[in-house]
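What follows is one chain in C-alpha cells, specifically the form predicted alone.
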Amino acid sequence: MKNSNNIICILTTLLVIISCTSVSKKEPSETMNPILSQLQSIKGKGILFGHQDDLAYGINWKYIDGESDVKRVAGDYPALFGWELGGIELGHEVNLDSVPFDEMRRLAVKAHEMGGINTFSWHPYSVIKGVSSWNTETVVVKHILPGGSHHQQFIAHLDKVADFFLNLKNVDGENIPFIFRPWHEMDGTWFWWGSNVCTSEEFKKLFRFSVEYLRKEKGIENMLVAYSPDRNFNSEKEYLTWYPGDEIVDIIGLDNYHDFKLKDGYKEVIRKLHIVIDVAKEKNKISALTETGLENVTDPTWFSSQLGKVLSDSIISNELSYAMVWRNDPKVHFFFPYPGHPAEKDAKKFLDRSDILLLNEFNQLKN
C-alpha cells in the first residue's frame, strides 16, 4: 500500500510539472484574447472599418464626448479605433499629434466598452540625439539592440510604453485587450528603422526584443501584435524579409497609400493584399489593411471606386478582417470626409454596404 501511494504521488507530481511546463511555454497571444476570437468569428461576414483618432477630434471639433466624423457621416462609429503613442517614450504629456495621453487612455477604454477594438501605432523618437521617427540621417537600430551602446536607454523607452498599456483598464480594474503595431513600414526608407538604415536581421531583432520585453518582462498578455510593411514587395518572400517570427506576430498586415495614387492602382492593392492573405492563411494568422486612405479625400468617389473595389474582391472579402484610414486633423490633413464635403455621400454609400462593418454591426455579429 505504501509503495502504491508513493507511485501515485510521483505520477501526480509529474502531471503537475508537465502541466506547468506547458503553460509556461504558451505564448501570451495564444490565450483567449477576445479580439483574436472576435476577428476569427466574423471572417467572411464583413470587414471592420477603422479610423485613426476618431473619438478625439475631427473637422471643426475636438474632445467632445460622443463625437466622431465617421458617425456624423454614416450614423455609427467605426468598429476599430486607431491611436498613436509617439512621444510617450520621452515622457511627454501629449503625443506627436498633440493628443494628451490621459485623454487617449480614457477614449480607448470608452471605445472598448462600446465594443470596439483599439489598435496602437508608435512613431518613437530615437534615444540617439532624440531625433524623430522620420530622421534617417542617424543610424539607430544596431545601437539599441541588446549589447548596443544605447540599449538601456531603449529599455527605458519601452518601459514608458508598458506603463501606458498596463493602465488601460476597464471600470472593474481589468486590463483591456488591444492591438500593438510597432515598427511599421520598415520596407520603406522614411523611418530610422527603415530598409536604408538597418539590416533585415537587425530589424527582426528589434521587433522580437520589443515584443518579448513587453510580454515577458512587463507581463502584458492582453496584446495582439501586428506586422505591417508598406507596399514595397512583390512576393511572399519579399513580404517576409523583415518578419520577426510566428511566435511574435498575430496579425499580418499591409500599409498602402501609394498604390492607390497610380492609374488603376487599386488592382495593385488587391494583388499585394492577396500576398498578405496567402501568408496569413499559411501561418494561421489574421490579415488586415492596417493603414490606408487618400489625403484630404480629393476624389469624391474614392471610397466606392478605389477602396470599395479592393474590399469587394472575392478573396479579400472572405479573408480580410479590417481596414483603417488615417486621421482627420483640419490643420494638417484628413482622410475621411465630413458633413458637406464632396465625398460625404459616397463614403456613406460605401459604409452602408453589408460587408463593411461599423460598430453596431460588429457588436451584433460577435454576440
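This structure is a prediction, so every number in the text was calculated from the model and none was measured. For every residue, the number given is its place in the sequence shown, counted from 1.
If you look for the form predicted in complex with a small molecule, you will not find it shown, but the lines that follow are about it.
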Proximity to the small molecule in the predicted complex, single hit among Lys204, His123, Arg231, Arg181 (heavy atom within 4.5 Å): His123
Proximity to the small molecule in the predicted complex, single hit among His333, Lys62, Lys43, Lys309 (heavy atom within 4.5 Å): His333
Segment assignment from 217-225, 274-282, 233-241, 93-101: heavy atom within 4.5 Å of the small molecule in the predicted complex: 93-101
is_contact(Glu84, the small molecule) in the predicted complex, heavy atom dist at most 4.5 Å: yes
Interface membership of Arg327, the small molecule in the predicted complex, 4.5 Å heavy atom rule: yes
